[in-house]
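Single chain ahead, written as structure tokens, the form predicted alone.
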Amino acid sequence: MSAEPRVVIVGAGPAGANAALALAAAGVRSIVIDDNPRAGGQIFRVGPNDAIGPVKPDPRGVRLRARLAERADMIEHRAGHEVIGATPERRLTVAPPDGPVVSLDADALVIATGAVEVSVPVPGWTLPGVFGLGGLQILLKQSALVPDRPVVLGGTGPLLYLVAAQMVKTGARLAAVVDAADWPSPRHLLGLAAMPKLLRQGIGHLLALKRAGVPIHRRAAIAAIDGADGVAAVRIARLRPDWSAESAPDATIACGIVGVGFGVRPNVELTGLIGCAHLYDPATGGWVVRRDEDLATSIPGVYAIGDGAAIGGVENALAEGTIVAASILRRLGRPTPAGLVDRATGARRRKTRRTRFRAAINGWSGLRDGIFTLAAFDTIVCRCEGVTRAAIESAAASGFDELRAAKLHSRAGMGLCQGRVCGDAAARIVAHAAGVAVEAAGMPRARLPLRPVAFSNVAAPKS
């Protein structure tokens, strides 16, 4: 190992950026690679600057970007760069905004790739005007675009109500919110109270919707989206406890924009490609990275933090950035400042409360398999390859009851997005058709390159 160790952090969201800042304070340089033009990830996303637009920037994100700029002497932030490959030896293949890819070796590699939204296919979900909740939020935060047509939001979880409250605040015409979950039970409320600030924020979102007169349909889902050249209306169905449809849709709401989101899952493409061990944990997003108390993975020198490892929220991501910095300093044999030791110790203690909160969120609004039966047999599940639910079920019925085999047989997940959009739905459809648990269907596998790149740019990678 060289006298000046190379620490590479993939992701400039709250977890990755906070890790880089903590390392810089201890005198260790790092390279932070991120595919976004500005640091902050989805939670702290803004437009070209921090000026207040339709959605007020989170002050924590503003401070984080300012601190990164102040520590440019110690932190090399490569914005607009994408990691398209990686090996267990911690060698990354990085695609810059233009030009040939670059090979980058790391003595310590921190993977902080954030979360991916879970999509649920229903008839009509491929129509123009249908967005993921995260996509609508990006339009608000980054491009200052407010829908000029009535909006219906559907799904479940905290993001549903956050985006709904933001829509109301920006003047959008919110026709309805459709929540697959029922009201939280007293047991769930007790768990949510472990993070009182977040619970108050959630109650505030509900009150904002009530003041605006937005109807909320609970234990219901958008079962179909109608329209010819774009969205015209949604049809709503009541749900059973497993979130399958109780009956045919019994209500129709006219609208021009639909936003749908059923929570998020860890983006485990890179950890999967490297060969890190994973486990299935529905409470933290499904397939998550196996880590020790230092947030180290099963691959030596590789760490995973934030929502890219296991869903825990922004406060957890910030805390894990601090914890991993202290862990890396110990591994590199570098002195750890007393202040960082204290902050890391406090961060570990606070993770216990967040674990209770996350368990309550999952118990109240965690994804149920029945929601994926809303897709009709001719509904396209894999948009890249045009694969329907019927084709995926046919693969499973033919004996291809493991996700990878069903993927090869049906081509679901083999398009440009590599299953980032359809992977959850395909896995659950395979499991349901084969009569096995979703974890038995196996974890989606990533392959090179993780993102499309011109062949001329990968012919001769630079070091």
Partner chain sequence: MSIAPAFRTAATQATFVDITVDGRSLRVVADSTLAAALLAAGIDRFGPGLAPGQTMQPFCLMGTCFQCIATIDGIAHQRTCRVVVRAGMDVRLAGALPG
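Positions refer to the first chain, counted from 1. Values in this document were obtained by computation on a predicted structure and should not be read as measured data.
Not on display, but discussed next: the form predicted in complex with the partner chain.
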### Which of 58-66, 22-30, 431-439, 40-48 sits within 4.5 Å of the partner chain in the predicted bound form, heavy atom basis
40-48
### Task
May I ask you to choose, among A283, L209, L199, L127, the residue with a heavy atom within 4.5 Å of the partner chain in the predicted bound form?
L127
### Query
Since exactly one of S143, S247, S185, T252 fits, which has a heavy atom within 4.5 Å of the partner chain in the predicted bound form?
S143
### Task
Please run the contact check for D148 against the partner chain in the predicted bound form: heavy atoms, 4.5 angstroms, yes or no?
yes
### Task
Although the partner chain is absent from this view, report whether D226 comes within 4.5 Å of it in the predicted bound form, heavy atoms only.
no
### Task
Consider G312 of the chain shown here, and say whether it contacts the partner chain in the predicted bound form, taking contact as heavy atoms within 4.5 Å.
no
### Message
Within 4.5 Å, heavy atoms only: does R420 come near the partner chain in the predicted bound form?
### Response
yes
### Partner contacts in the predicted bound form for 129-145 (non-hydrogen atom within 4.5 angstroms of the partner chain)
V130, F131, G132, G134, G135, L136, I138, L139, Q142, S143, A144, L145
